[in-house]
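Only one chain comes next, encoded as structure tokens, the form predicted on its own.
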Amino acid sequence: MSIWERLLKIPRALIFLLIGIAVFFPLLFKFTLPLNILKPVQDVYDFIEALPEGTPVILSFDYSPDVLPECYPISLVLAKHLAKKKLRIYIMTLYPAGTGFALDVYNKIIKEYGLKEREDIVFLGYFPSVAATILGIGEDIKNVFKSDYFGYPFDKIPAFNGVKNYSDIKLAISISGAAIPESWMIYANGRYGANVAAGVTAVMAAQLYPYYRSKQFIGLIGGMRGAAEYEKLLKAYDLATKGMNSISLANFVMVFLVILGNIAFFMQRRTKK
């Protein structure tokens, strides 16, 4: 049996094993692959970098578990950037299932950056009406939030001192796998001129690019790749970088095997002739 015939008869189990190794290797060993930064991601980073210390920013976790692998790394890296810049962070969700993820990031950021609860960061929890909540913040935030998630009265939360509406809140970021970022764009940006950014799944990103080009979003972070780009900008390599390394390495192995299989096929035909 020639080498070409042997290559055409590689057991499927071996191929699955190679793919498995390619997927798990980046999760076990720390390294980074080359990754270009796209402008929509750079714009979000630059906008946050330009905000002065203490600026109020909304970070809304508008997603459910089915998009967790893409949206959670976006949430985490954005929260790290806001904390690093010492901005006032208002964490909330307009999606019922987002509460647990938001609370998880809230606790991680407080622990990692030593933030003071209700001074540097506030967890507001879940609010059921998307349009009413976004529009309500545009009128007077006090009419929407009566207390934080833990029942602490709004009037006694120092993080809200001097904050009334979007004229004081310089950025609202919605992270989602659904259409909620568009609601932020329509009601917060369209009605009140608020600065809105979105972190969405890769599938959703293509749908939102026209709004980014028309400057209705100040920037976009698309899927795991977008989160990995942001981690690179922040020099905080974490979940997204590992995920992108796994995807890239697995794709490389698959392409290599396809090319090798085609070469073996044609070489075998040539040998027979």
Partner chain sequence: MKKQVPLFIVFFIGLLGFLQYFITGPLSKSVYTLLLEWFQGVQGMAIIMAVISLTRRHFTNVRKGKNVFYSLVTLISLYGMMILGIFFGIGKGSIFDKIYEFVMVPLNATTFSLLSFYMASAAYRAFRARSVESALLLLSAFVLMIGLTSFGDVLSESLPYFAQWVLDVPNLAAQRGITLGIALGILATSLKIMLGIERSWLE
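Residue numbers count along the first chain shown, from 1. Since the structure is predicted, the reported quantities are computational estimates derived from the model, not experimental observations.
In what follows, reference is made to the form predicted together with its partner chain, a form of this protein that is not presented.
Stretch 135-143 is the answer when you ask which of 152-160, 112-120, 73-81, 135-143 has residues with heavy atoms within 4.5 Å of its partner chain in the model of the complex.
Although the partner is absent here, Pro128 sits close enough that one of its heavy atoms falls within 4.5 Å of its partner chain in the model of the complex.
Contact annotation for Leu103: at least one heavy atom lies within 4.5 Å of its partner chain in the model of the complex. By the criterion of a heavy atom within 4.5 Å, Met244 is counted among the residues contacting its partner chain in the model of the complex. Using a 4.5 angstroms threshold between heavy atoms, Ala206 counts as touching its partner chain in the model of the complex. With the partner removed from view, the residue among Leu233, Leu38, Leu27, Leu51 that has a non-hydrogen atom within 4.5 Å of its partner chain in the model of the complex turns out to be Leu38. Taking a 4.5 Å heavy atom cutoff to its partner chain in the model of the complex, the contacting residues in 46-71 are Pro65, Asp66, Val67, Leu68.
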